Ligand code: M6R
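Given as structure tokens, the chain that follows is alone and in the form predicted on its own.
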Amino acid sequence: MCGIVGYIGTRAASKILVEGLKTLEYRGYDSAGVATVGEGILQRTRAKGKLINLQTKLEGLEDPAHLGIGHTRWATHGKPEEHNAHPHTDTKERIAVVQNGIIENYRELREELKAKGHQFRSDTDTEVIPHLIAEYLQNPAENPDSDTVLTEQSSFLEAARQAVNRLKGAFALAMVSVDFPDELLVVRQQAPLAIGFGQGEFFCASDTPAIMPYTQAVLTLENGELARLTRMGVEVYDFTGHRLKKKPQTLNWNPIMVEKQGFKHFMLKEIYEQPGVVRTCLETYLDTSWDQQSGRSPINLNLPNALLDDLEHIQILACGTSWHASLVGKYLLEQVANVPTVVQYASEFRYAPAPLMANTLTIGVTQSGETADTLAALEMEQTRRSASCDERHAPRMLGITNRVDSSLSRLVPHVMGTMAGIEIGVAATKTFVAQLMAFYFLSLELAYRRQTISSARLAELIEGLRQLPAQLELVLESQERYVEELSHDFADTTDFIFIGRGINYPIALEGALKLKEISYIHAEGYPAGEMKHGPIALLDEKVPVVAIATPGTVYEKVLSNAQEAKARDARLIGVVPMNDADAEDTFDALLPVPIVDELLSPVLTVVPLQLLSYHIAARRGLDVDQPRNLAKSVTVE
């Protein structure tokens, strides 16, 4: 959940580290720090709070060192105070370490090291690592598990290797030492870490945007690997000390993709990027020359027949916003493709997996491709299915992610990229819509294979998908100013209710989550028909109700449920069809969207809720892009 950067080369490291941390602050912003090594000195600067506080401390400091590491923190162990900020050092302050992840056995190691005279200054799990490395540097352990002979010049690497073999948990590390001023060591164990290759300089980071301004040649470490970076090159080893042969890959991203481009916040920019994201998805997965007479599928997924044929069941594993997108996916897969589908919280599935069912496709959905719970659940499912003696239970695994270069793509054999581009705002917007598009394509491909809808209905839905980008632009153009004005009425509101039915019930959940995430207003989403079974007791004139009421099988039902809320004096806000007289009579405020097929409506109905959440949070003067206690990529359990 934290962000790591590292640099070794010919330039001053400090500036490069801070610039890298700026691109990674979405991963955590409780505190930040850097440590550099030069001229026999380890210089460490840390600050509580956001990165700007660290930058203020660094102003005016002369630091020509060419080697360093940096960190921006999302607290797991120890409060967000300066003494808990990374980098952490050993007792003599000769070694500095930054970590993303959790060391599960740190208490045991801490007590062992304290008994040997090591002095601890923080409440974190990370601090045991530099102390452990220092202990192995002073007292090297025997190395029976390795047939390699590490040279005297690599004793830092060997001590680090011995140390990481003592650690239990999921972590990524970057390490420097005053006594080894020409080495930057990095480690990956179930937390992302990439190495960037420059000309006589090398970089490491938790995510590639921190590297992109300097190089597009990137090597992603695998689990159980550590690397030694010097100005001469990169050496990669496994945890037993064996040298590995690996080559970097070239990224095709551009640094301009992570700029605000005139928008006040990244979140608003990313909301406005959604029409383009949908166009890109259509260009990627839709056969532009398809028509009813083509005699072929309109969808290009490039997935093998063995993955999709003869399916009897689909299970989807996800967390947070991805879980809401998966609920829309469940509706589509069942109602369009006629495949029984369940959606599981990955964090729950890990400890209470469903019984094995035959011919099951397991789908993991994670925008970052690094979500710890989702990856762990997928790995567990793959293992237990591989161990089954019944071929019908063999693993069929598919990932849906915005980062096809992530851990997910190395865990499962097949991945659908959602083509949303880099998303900086912690609250997911364009990646949610992109995930919806992935489920439309998957459900229509399965419907074509299984012949569960007519060719005329298939053509109707395909044409509807093609119209979505223009309709999204219409929603954004028509509602931005009105939603901003409407948000003034809710600056002091403490509770919200969102309701929807059918395919738009998950959008009610997503709308409530967005409001909670960035405005800190308590909000709940409910199936509209369930209001009278308890939640209606919450309603009065102080609790606004947002209802999603679009034409389709449940339109009149939702209007009726909204009337029940109005009878309890709740202020009603309706996401409704444009120019609808019934809606105008029912709701106090209207957020109209174009009339589309009910199955396609979630792509449009979510946008007014994103705008409403954004403007309420901005009106309250909150940090929209970096809401408190949250991080973009949840890489810890």
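In this text, residue numbers run from 1 along the sequence as written. Here the structure is a predicted model, which is why all the values come from computation and not from measurement.
There is another form of this protein, the form predicted in complex with the named molecule, and it is not shown here; the text below is about that form.
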Test of understanding: in the model of the complex, would residue 192 fall inside 4.5 Å of the named molecule by heavy atoms? no
Contact flag, residue 503 vs the named molecule in the model of the complex, heavy atom cut 4.5 Å: no
Residue-level contact is defined here as any heavy atom of the residue lying within 4.5 Å of the named molecule in the model of the complex; does residue 427 satisfy this criterion? yes
Taking heavy atoms only, is residue 158 within 4.5 angstroms of the named molecule in the model of the complex? no
Among 97 to 105, 312 to 320, 471 to 479, 203 to 211, which stretch has residues whose heavy atoms lie within 4.5 Å of the named molecule in the model of the complex? 312 to 320
Of 443, 519, 367, 326, the one that lies within 4.5 Å of the named molecule in the model of the complex (heavy atoms): 367
May I ask you to choose, among 531, 513, 163, 137, the residue with a heavy atom within 4.5 Å of the named molecule in the model of the complex? 513
